[in-house]
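Two separate entries follow, structure 1 and structure 2, each one form of the same protein chain as C-alpha cells.
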Structure 1
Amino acid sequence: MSECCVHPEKTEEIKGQLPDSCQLFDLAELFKMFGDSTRIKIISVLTHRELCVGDIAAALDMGQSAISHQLRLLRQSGLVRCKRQGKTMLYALADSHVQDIYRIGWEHITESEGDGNA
C-alpha cells in the first residue's frame, strides 16, 4: 500500500490562490445553465443572430412557452439579453464571453470525435 504524502508549502500556496467559495458557487451556477440541452440549443441559435421567441421556437421545432421559460432562466443568469423592437422582444447572447464558452465547449467535443477518443 502506498503512502499519501502532503507537501504543506505547496498546498498553502494553492490555498492562497483559490477563489472564495461564493465565487466558485457562482461559477458552478453558470455552468449549470449550460447543462440543459434546450438552453444549449437556444444559445446555439443565438450565436447566429438576435431573434424573437417565435423565431427561436420555429428554428428549434419547439413550443414558444418552453422557449420563453428557458430564455427567462438564461436572462436571469446573465447569458442572454433582450431589447424591445416595437411590440417584439429580441433576444441575443449577453456578450462575447457566452459565445466563447459555447465555442470552446463545441471545439472540445468535436476534437475528441476526430481522434477516436469519443
Structure 2
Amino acid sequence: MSECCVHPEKTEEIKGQLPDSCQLFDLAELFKMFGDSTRIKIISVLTHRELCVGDIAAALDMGQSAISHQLRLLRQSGLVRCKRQGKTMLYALADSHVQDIYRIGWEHITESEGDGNA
C-alpha cells in the first residue's frame, strides 16, 4: 500500500485551491461535448453557417437519427441553438465561446509538437 509521497500540508493547500467539484463536473461535461468525432464534425460545419439536420447528416455521411441525437446533446449543453424554418430545423452555434474553444483546440493539434518552453 503506502500512502505514496503525500505531503499533508501541500495536499491541504491544493484541496483549498481546487475549484468547486460541481463546476469541475460541468467543465468536464462541456469538453465532453467536443470530445466525440461526430459532435466535433457537427461543430466544425456549424462554424461556417447554420444548417438543417438533413444537410448535416448528408455532409457527414451519417444517419439522420444519429445526428439528431447528437444535436440534442449539444442543445442540452447549450452549445448550439436551433430555430424552426418551415419543416426544417436550422441549427447554429450558440455563442462565440464555442468557436473559441474549437479554434484553440485546432491550433493545438495543428502545431502538433511541444513548444519546448521549460
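Keep in mind that this is a model prediction, so the values were computed, not measured. For residue numbers, the reference is structure 1: its sequence is counted from 1. So that the term is clear: the rigid core is the largest set of C-alpha atoms that superpose within 1.5 Å between two forms.
Structures 1 and 2, same chain in two forms; the form predicted together with a further copy of the same chain is found in structure 2.
The rigid-core alignment places the CA of Asp95 less than 2 Å apart between structure 1 and structure 2. If you fit the rigid core between structure 1 and structure 2, you'll see the Cα of Ile104 move by less than 2 angstroms.
The shift recorded for the CA atom of Gly16 between structure 1 and structure 2 is 5.2 Å, with superposition on the rigid core.
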